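Below you'll find only one chain, the form predicted on its own, shown as structure tokens.
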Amino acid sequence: MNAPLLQINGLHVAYKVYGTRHHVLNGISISVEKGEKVGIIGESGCGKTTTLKSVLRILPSNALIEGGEILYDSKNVLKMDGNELRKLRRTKVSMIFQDPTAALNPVFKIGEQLFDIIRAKYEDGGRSLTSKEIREEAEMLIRQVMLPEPERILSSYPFQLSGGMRQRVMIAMALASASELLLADEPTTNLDVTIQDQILRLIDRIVNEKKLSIVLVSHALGAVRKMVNRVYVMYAGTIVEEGRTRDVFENPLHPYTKMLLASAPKLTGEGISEGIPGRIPDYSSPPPGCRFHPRCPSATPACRFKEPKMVEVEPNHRVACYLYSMRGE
């Protein structure tokens, strides 16, 4: 059996904030096969973005990777030297950031920023392109993301484009370097509902056409359900449930997953969701045991002292919860 394209094992990440450590990722494990579509869902602040940034090693300077490994094509990303890491970012893996306004440099035209990405990709492959070839590839990428008048887009500054257009430009930039894996971090944040649907359909079409693997982080649960093959449910830096998308959405096992799915608004207008009572824990002193137990209506005494292990309840559907542990350990 071939190794997964991406394998995260027991990853621990903390942030140093005013002399204290905030322990965000608490030993998470995630895998992505070649050509697979994987989703990560959970509340804001639960560590989804930190997970994606860890894969590319673009965490902020106050972040500390305290343990675990990130294997890409069986090579540990955390032990890669500068050249290996640069090649990974330029030719294999790229990321769509959730805020294109912050990700795009406001003082450079779109073309200048996209040209640099294309030039770097080919230089790493030992090939130099002429200015005309670089421009032609940039125009092709702009057309791929369904933006009209590529020449005008390339000569524009980010502030001259709408939010939806900026997000499409970010997708084009990601496609310029991603040949194997696309990391999509809330790609529809701050966009209206109609544009959100267009962006997600666009990403799905391009992933299918290019046969890419994708890790999609999104609060749009309907889009996740429709787009991905498998889904991970994350709470406060821990994976609490994982399985095939259909199994998780139709038969959620963890109390958090049940409450998360129940809190999503319904088009049928069947009342207003109350949401999930409480809030995610303070990462400087997270609760012992299961991190969800202070908010969980089904918490047992064991939940307060020892972190539950992931157990398989049905084929390819696993959960970290004492309600499903055979021995309550």
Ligand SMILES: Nc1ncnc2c1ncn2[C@@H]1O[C@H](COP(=O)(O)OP(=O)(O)O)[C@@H](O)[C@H]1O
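All values derive from a computational prediction rather than experimental measurement. So that there is no doubt, residue numbering starts at 1 and follows the sequence shown.
Beyond the structure shown, there is the form predicted together with the ligand, which is absent from this document and is the topic of what follows.
**Prompt:** Is P294 one of the residues lying within 4.5 Å of the ligand in the predicted bound form, judged by heavy atom distances?
**Reply:** No, no contact at 4.5 Å.
**Prompt:** Would T300 sit within 4.5 Å of the ligand in the predicted bound form, counting heavy atoms only?
**Reply:** Looking in the predicted bound form, residue contacts with the ligand do not include T300, since no heavy atom lies within 4.5 Å.
**Request:** Examine G289 and determine whether its closest non-hydrogen atom to the ligand in the predicted bound form is within 4.5 angstroms.
**Result:** So G289 does not count as contacting the ligand.
**Item:** Any non-hydrogen atom of P60 within 4.5 angstroms of the ligand in the predicted bound form
**Value:** Contact with the ligand, yes.
**Asked** Hey, of 64 to 72, 27 to 35, 42 to 50, 256 to 264, which bit sits against the ligand in the predicted bound form at 4.5 Å between non-hydrogen atoms?
**Response** Selected stretch: 42 to 50.
**Message:** Need the contact residues for 7 to 29: heavy atom within 4.5 Å of the ligand in the predicted bound form, sequence order, or none if there are none.
**Reply:** If the 4.5 Å heavy-atom criterion is applied to the ligand in the predicted bound form, 7 to 29 yields Y15, V17, V24.
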